[in-house]
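Only one chain is included here, represented as structure tokens and corresponding to the form predicted on its own.
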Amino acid sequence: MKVLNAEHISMIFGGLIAVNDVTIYANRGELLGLIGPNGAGKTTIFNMLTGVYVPTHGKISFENARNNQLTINKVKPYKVARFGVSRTFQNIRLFKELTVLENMLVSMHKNIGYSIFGAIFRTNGFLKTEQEFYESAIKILEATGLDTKKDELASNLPYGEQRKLEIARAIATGAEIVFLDEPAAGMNPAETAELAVLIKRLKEDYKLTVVLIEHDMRFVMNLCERIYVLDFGVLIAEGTPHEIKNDPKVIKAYLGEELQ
């Protein structure tokens, strides 16, 4: 079942065609890769899929686990997030002066069910919700190995752990589909291998659909089930990792040589 369907989407900035007539989809529970050279339009597509940009042309729709459908047409990013879509960013965007746990709790605000009255007077409903949020946040932090750092300021975490916290925070929103923008950027080989295992496990544990952009080709090839390739804003290939790494157009446009 498709949870994401983007049909013939284009993004034009003045006279620049950043994305040109691209059609992509993601199946429920799939781990999907989006690759291409710098400037190929990958992050522009992420921005369209999450409501940051309004496509110049085309249609984007989501379907959640309750079979509710959302078509993005000038829909604000916060409404897209409420539907079950979250993302990370190429440049880390944590609340660095908040603790690890506070970062997690902030991401859950869209799920708050109590009123201002309940918060002021600390009603039973307020206390129950806050406890549920705390337990959920700790569970996700345990899954990412960050539970022992819950009281640390986010700014004090090593770079690799800040990347993990971004992913944990995206999951804490209650998302069904998560977009990861270069999650392995700046990581050493050992951290990258650990991250691949973590993403696979989180996808299974939280029944996620994951779409990621990444420049580390071996990371993508070993992790993703299906891959789209962009070049100058145009989709040039789609298929399994084996098909992609042996596609002459991909080798010429991006990989440079066949991966071993």
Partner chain sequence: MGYDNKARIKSSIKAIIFVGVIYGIMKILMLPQINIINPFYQTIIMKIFIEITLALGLNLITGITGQFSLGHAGFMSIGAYTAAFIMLRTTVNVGMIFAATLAGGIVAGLVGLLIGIPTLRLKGDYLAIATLGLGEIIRILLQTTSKDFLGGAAGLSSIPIFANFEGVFFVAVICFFSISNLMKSSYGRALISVREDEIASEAMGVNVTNMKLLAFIMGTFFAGVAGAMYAGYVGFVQPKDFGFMKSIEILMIVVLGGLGNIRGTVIAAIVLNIIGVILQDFSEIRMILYALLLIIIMVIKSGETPWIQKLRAAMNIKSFKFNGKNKAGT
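Numbering follows the first chain given and starts at 1. Quick caveat: nothing in here was measured; it's all calculated off a predicted structure.
As for the form predicted in complex with its partner chain, it is not shown, yet the points below apply to it.
Discussion item. Given that its partner chain is not shown alongside this chain, does Y159 nevertheless sit within 4.5 Å of it in the predicted bound form, heavy atom to heavy atom?
Written reply: The answer is no: Y159 has no heavy atom within 4.5 Å of its partner chain.
Worksheet item: Might M187 be said to contact its partner chain in the predicted bound form, defining contact as any heavy atom within 4.5 Å?
Response: Flag for M187 set to no.
Worksheet item: Applying a 4.5 Å heavy atom distance criterion, does Q131 contact its partner chain in the predicted bound form?
Response: Contact with its partner chain, yes.
Worksheet item: So in the predicted bound form, does T123 come within 4.5 Å of its partner chain, heavy atom to heavy atom?
Response: Taking the distances in the predicted bound form, the answer for T123 is yes, it comes within 4.5 Å of its partner chain.
Item to complete: Kindly confirm or deny that R82, E97 and L101 each have some heavy atom within 4.5 angstroms of its partner chain in the predicted bound form.
Response: Yes: each residue has a heavy atom within 4.5 Å of the partner.
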